[in-house]
Structure formats: structure tokens, C-alpha cells
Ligand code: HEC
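Only one chain is given next, in C-alpha cells, and it is the form predicted alone.
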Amino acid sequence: MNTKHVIVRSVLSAVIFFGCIGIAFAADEEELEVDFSPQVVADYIHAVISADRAIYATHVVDRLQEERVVVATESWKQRKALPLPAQMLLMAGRVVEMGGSGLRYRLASLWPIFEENGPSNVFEEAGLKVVAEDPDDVYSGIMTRGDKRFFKAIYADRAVSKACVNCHNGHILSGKRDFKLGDVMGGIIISFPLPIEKKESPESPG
């Protein structure tokens, strides 16, 4: 099983396990309902994404490059190389989105190499600025689109690999070229749909 499939399977497993907002289970013959807040769900999803990315970046990309087995490069398909950690995360995000659950995640940056990886709206731009200043902070909120509601959270994305740093510092289109390991390079943006709020029916006249 290749690395991409392992990462995607791990993310989907976590989403299936943690992604429901309400979980009901029986305890002592009584029905006990436990509700996860949207923020907790987002935190769980982010934990899995971050762990998988860190493992891929350090134990696959950095290790194989140091051993001179294979390199990671932006043009990995043409060069029969490894995808960069950022490319792996973006590909996994597209696969998850195609699953139809409504869950989406992607990388974005205030200094993107490609324009489509920049903030797509004012909320994302504000969130990326917040996590750039304080990587321990999480910028989140509820978005409304028609009658649908979405929870969106933005987490700091740090340079976890030499490949990340080298790519951004050396790329001709990069807007920032002095990154070091551990620096905040952008943010991981996670969003998923929320249940539609039920409106109470007006009481019938007596």
C-alpha cells in the first residue's frame, strides 16, 4: 500500500470516527447522548492531518532524500520522484472532498507560491494572519451559505521538513524566501457542514 493511500485512509478513518456531531450510546440501560462541539471535531481532524503530514515529511521525504534513494520535487510525476509534503496534503484533501461528506481541508498561505493557495476570502486572510502571529491560536467561525451552515477552522502550518523550507526559499514564484524549520508557513484550513437548525413550529390556536 503506498503512502498516499495510507494517509487518505487514516484521515477518512478519523473523520468517520470523530466526524459526527452527535454520538449516542447505551450505558447502564440508559440512553446517554454525547455531543462534540464543532471545534472539538475540527481539532480531532487537524490532529490526524498534522500527524500524517509530519510522518510523511520526516520519515519518508527527508529520510529517503538523505539516503539518496529518491527526491521530493514539485514536478514529481515527470521526474518519477516523491510529492512534496504540501502536495501530498493537498491531494489527500481533494480525495476526501470527492467522498461527498462535505468535509474539506487544504493548505493556504499569505505567501503562496501559486495564487490558488492564497486566502480565498476575508475570513481566511484574517485567520492566516492570526495563526502567523500566534501559532498556538486557532481561528474559527460559522459560515452561512443559503440555508447551509459550515464550521471553518484555521490552524498554523509549520515547516516540518527541509523539503518544505527548500522549496519555498528556492522557488522563483515564492513571496518569502527566508523560512527556517519550525516557522509558520501558512495555515491548514478545515471546514465541514453543520446540521440545519430546526425552526420551532408556531403553536396552533386553542
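Source: prediction; values computed, not measured. The term rigid core refers to the most C-alpha atoms you can superpose between the two forms while keeping them within 1.5 Å. Numbers follow the displayed sequence, beginning with 1.
FYI, the form predicted together with this ligand isn't displayed, but the following is about it.
For the marked spot (Pro38, Glu97 and Phe151), a heavy atom within 4.5 Å of this ligand in the predicted complex is absent from each of the three residues.
Proximity of His46 to this ligand in the predicted complex: non-hydrogen atoms within 4.5 Å are absent; the residue sits far from the partner.
By the criterion of a heavy atom within 4.5 Å, Glu125 is excluded from the residues contacting this ligand in the predicted complex.
Mapping the unseen interface onto this chain, Ala163 counts among the residues with a heavy atom inside 4.5 Å of this ligand in the predicted complex. Mapping the unseen interface onto this chain, Leu82 falls outside it, with no heavy atom inside 4.5 Å of this ligand in the predicted complex. Applying a 4.5 Å heavy atom cutoff to this ligand in the predicted complex picks out Leu84, Ala86, Gln87, Leu90, Leu107, Ala108, Ser109, Trp111, Pro112, Ile113, Phe114 from 81 to 114, in order along the sequence. Shown in the overlay between this form and the one not shown, fitted on the rigid core, is a CA shift at Tyr139 smaller than 2 Å.
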